[in-house]
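A single chain, nothing else alongside it, follows as structure tokens in the form predicted on its own.
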């Protein structure tokens, strides 16, 4: 029996599945997610904006600390804005590849054939820029700020759900973090309580798209069971 609280409660809508159906769904989800890959070569053809909106809405169902939902998803399709983002990102990435990154980091990146040039930021028909809300403006709180909790974790979960929703919808994406990312706040005129978290190009892959030949760790290397 749950104890009463100040918040209102509603019945949970939940259907308990048979073990066979649960396993079938889990296997199906695994098979679909095994085909998900990060893509750096995008077809510039436009994608349905309503699909992107639905995927963002799906991301918005993520759990968050004290249900503060401390995220903002900016959907960018304007070519001039994408150009500005690319120019600023390449400036930071040039510094990364020419001094900020360690030799080991650069060596680990060789398999992916990446450099400071990021044409995908213009080629992709849409960019999703995710911001984390460090705090929420509030006139009724001390200093006009209402605290948010577990912001990094909450926004990370939402981004994972967003990427999964994109894959389920037939789109490809790339997680891009051209650190530092303050330029994104400036270009998109975001308020002072928001910090850039992730830049995600989204679209269709080019017809001759190729991806790095990599393997994912098997289950026994990523899971430890305690019974």
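Numbering follows the first chain given and starts at 1. Since this is a predicted model, take the numbers as computed values, not measurements.
Same protein, other form: the form predicted in complex with 3-iodo-tyrosine, not shown, and the subject of what follows.
Any chance residue 135 has a heavy atom within 4.5 Å of 3-iodo-tyrosine in the predicted complex? Close contact is absent here: in the predicted complex, residue 135 is far from 3-iodo-tyrosine, nothing within 4.5 Å, heavy atoms only.
Closest heavy atom of residue 61 to 3-iodo-tyrosine in the predicted complex, within 4.5 Å or not? No, no contact at 4.5 Å.
Contact with 3-iodo-tyrosine in the predicted complex for residue 87, defined as at least one heavy atom pair within 4.5 Å: yes or no? The answer is no: residue 87 has no heavy atom within 4.5 Å of 3-iodo-tyrosine.
May I ask you to state whether residue 75 is within 4.5 Å of 3-iodo-tyrosine in the predicted complex, using heavy atom distances? Because no heavy atom of residue 75 falls inside 4.5 Å of 3-iodo-tyrosine in the predicted complex, the answer is no.
126, 101, 157, 151: which sits within 4.5 Å of 3-iodo-tyrosine in the predicted complex by any heavy atom? The residue from 126, 101, 157, 151 that makes the contact is 101.
Per-stretch contact check against 3-iodo-tyrosine in the predicted complex, the hit in 187-195, 53-61, 173-181, 24-32 (non-hydrogen atom, 4.5 angstroms): Going by heavy atoms within 4.5 Å, the stretch is 173-181.
Given a 4.5 Å distance limit between heavy atoms, list every residue of 77-110 close to 3-iodo-tyrosine in the predicted complex, or none if there are none. Heavy-atom contacts to 3-iodo-tyrosine in the predicted complex: 93, 97, 101, 105, 109.
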